[in-house]
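Shown below, as structure tokens, is a lone chain in the form predicted on its own; questions about how it binds or moves come after it.
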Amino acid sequence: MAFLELVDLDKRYTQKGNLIVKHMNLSIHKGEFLVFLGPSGCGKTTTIRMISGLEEISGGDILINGKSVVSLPPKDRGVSMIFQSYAVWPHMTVRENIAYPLRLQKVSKKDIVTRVEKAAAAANIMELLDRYPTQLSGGQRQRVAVARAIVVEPQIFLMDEPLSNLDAMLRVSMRSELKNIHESLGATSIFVTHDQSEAMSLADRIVIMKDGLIEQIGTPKDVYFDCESIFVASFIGVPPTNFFHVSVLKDDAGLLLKSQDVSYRVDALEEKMLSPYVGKEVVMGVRPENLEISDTFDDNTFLTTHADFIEPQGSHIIVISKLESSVIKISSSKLELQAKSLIHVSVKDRKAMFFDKDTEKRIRLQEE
């Protein structure tokens, strides 16, 4: 049985308003680190606020350990929330900030001392306990917020973009700290972000959302290498996936994908997958690292173009080329390549994805 279940969960802010979260069904396992990832306004923060009890649900149910919690106030749900803004009390010391939720629960003074020091040690802020928030850096204040969440020993940690106010280097180090704390406590954590690098580095599973709906659920490897939709393929990956609108043509040699920019002869497996689309148009997606640059034209050449711009990235370069119908980016190890050079491009190891133009969903081989 799932530890946390969202069952047909809906949210609208007015009686006749649009659904912000639409019929969400999700099972979360005990001890899992789950990340909600998506653009602003997709419903990810609203979802965790409903789990915490800070937002009322418009429909459906929320179950923790098989029991509905929608009628319970936030303090009785066994969850702790860490906010983007830290939300630490400026007039209280760090010690008092961490102890505050325990005082609300009327925990004994002796237990408060023990639990506050345990939480402070886990967040690595023991030496800051007698300081005030104004004496702390942003990263230290975020650690205080983490310790305050830990101290109540919740069943579930909810984190709403907790690192977005930190500078880039501190965000990376705090990611590691949060993951270490999660694993050492054996906690169940739900983390909200629009930053895919945070999601990929932290998550056991990622829930990718768009317009209040779940687009895909999977491990970081799943959502990167096995995208379910054009949206997922475009949202995950830097630089993003290149897309080509191609016609599926049949000739004596088999199937050929063709546009004004590209030509791609499919193999036997791809032919089985794409045969229902003969005479139609599909969307072909290829990640920048799966496009290979060659100096010569051959049977595998996918397109011929010029390297209009080159962006050095240290260990590799990003080649930008303007085609007739789009702009593509190629990740290449050819550091010596010069801008304006003529290049021939092929698809590495046939690592291409195909999507239905109308539904924008992945085209897969149908089981016989």
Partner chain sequence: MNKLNGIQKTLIALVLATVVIAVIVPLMFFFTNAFSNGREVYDYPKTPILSFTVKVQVSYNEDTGMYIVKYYDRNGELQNAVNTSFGEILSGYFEQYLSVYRTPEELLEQFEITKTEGPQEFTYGKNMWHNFKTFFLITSKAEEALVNSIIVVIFTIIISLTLGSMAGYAFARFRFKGKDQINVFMLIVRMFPMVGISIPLAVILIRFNLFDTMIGLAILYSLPNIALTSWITSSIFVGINRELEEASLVFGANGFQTFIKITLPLALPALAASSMYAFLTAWNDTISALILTNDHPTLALAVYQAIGDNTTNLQYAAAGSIILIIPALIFTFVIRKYVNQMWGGVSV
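Residue numbers count along the first chain shown, from 1. Only a predicted model underlies this, so the values are computations on that prediction, with no experimental measurement involved.
Form predicted together with its partner chain: not shown, discussed below.
The stretch that touches its partner chain in the predicted bound form, counting heavy atoms within 4.5 Å, is 78-86, out of 187-195, 78-86, 254-262, 121-129. Relative to its partner chain in the predicted bound form, residues 49, 90 and 104 are all within 4.5 Å by at least one heavy atom. When you look in the predicted bound form, the only residue of 174, 230, 152, 248 with a non-hydrogen atom within 4.5 Å of its partner chain is 152. A single residue from the set 134, 108, 296, 71 has any heavy atom within 4.5 angstroms of its partner chain in the predicted bound form; that residue is 134.
Proximity of residue 148 to its partner chain in the predicted bound form falls within the 4.5 Å heavy atom cutoff.
Looking at residue 63, you'd find every heavy atom of it more than 4.5 angstroms from its partner chain in the predicted bound form. Interface residue remark: residue 243 is not counted as part of the site for its partner chain in the predicted bound form, having no heavy atom within 4.5 Å. Taking non-hydrogen atoms only, residue 224 never approaches its partner chain to within 4.5 angstroms in the predicted bound form.
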